[in-house]
Ligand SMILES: Cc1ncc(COP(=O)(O)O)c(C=O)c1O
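Have a look below at one chain only, the form predicted on its own, in structure tokens format.
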Amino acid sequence: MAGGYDDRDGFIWMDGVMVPWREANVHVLTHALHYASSVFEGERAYNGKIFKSREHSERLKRSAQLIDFEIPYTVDEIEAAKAEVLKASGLSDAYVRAVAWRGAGEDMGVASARNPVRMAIAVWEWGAYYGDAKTKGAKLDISKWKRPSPETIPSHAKAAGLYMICTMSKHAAEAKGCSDAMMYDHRGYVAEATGANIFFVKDGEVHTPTPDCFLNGITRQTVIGMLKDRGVKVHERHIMPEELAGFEQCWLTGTAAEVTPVGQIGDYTFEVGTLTREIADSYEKLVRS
């Protein structure tokens, strides 16, 4: 595929119907456009099979409930729709985006209970999220924005509105020649990157922030399981900024990021070491098994 995301060949599943790609549109007074009443999933298919597909569909449903709406499709129906659109795409290795939102309806203020909930699924080709960082190690900025307290947002929902500060952070990072930005949380602990969880290595053991105010990623959970299966000790804990200087290796995890080594965060540098490469290789084998 080439060109803008609104001008491509193919089909998008939308509200139960396969719609030509260029016709998969919504009205300008769609509630989600104005008030961010939208949730989504990013998934990858390998060899024609979506990795952890059902877990993603289940999380999509939970995310909607956390921001106070119900998706009008069961998990089984969402699974069938993803399979349908993946087949229609003709792709075996692909990125899958499922999104649900409050549409245009009788309400156009903050409240939107009378508006219909809509859903779409699109599939496209998408290579390495961080380009050549998989071999060289990504360079991260440190964001000025912090992940908010769970008392202020539904932090465990994969909701569109929660990514506003991520977009700003990533733009600022790219302007500095970085691939992404690492964010602290509202207490000042290390949290995550703008769209990926983060891991560190020290003395053969792995340390990763406790996901108590940000998304506990499906890839994050998968990698923790892989590490434990290898007998590697994993510490899920609060990590202070001053600890960054003592870590030897670092990597990011996410559906888009997969397992991406990090070579630098701000002024701190990390080696793309053996454990990082082994986990990246093992993850690649797992998703294609």
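Predicted model only: the values in this text are computed from it and were never measured. Numbering starts at 1 and follows the sequence shown.
The protein also exists as the form predicted in complex with the ligand; that form is not presented, and the subsequent description refers to it.
Residue heavy atoms within 4.5 Å of the ligand in the predicted complex occur in exactly one stretch of 173-181, 190-198, 136-144, 86-94, and that stretch is 190-198. The ligand in the predicted complex is not approached by T208, whose heavy atoms all lie more than 4.5 angstroms from it. None of the heavy atoms of V117 is located within 4.5 Å of the ligand in the predicted complex.
In the predicted complex, P261 stays away from the ligand, with no heavy atom inside 4.5 Å. Although the partner is absent here, W126 is not a contact residue: none of its heavy atoms lies within 4.5 angstroms of the ligand in the predicted complex. Each of R59, Y163 and L215 comes within 4.5 Å of the ligand in the predicted complex, counting any heavy atom.
For the candidate set T255, S37, T30, Q249, a heavy atom within 4.5 Å of the ligand in the predicted complex is found for exactly one residue, namely T255.
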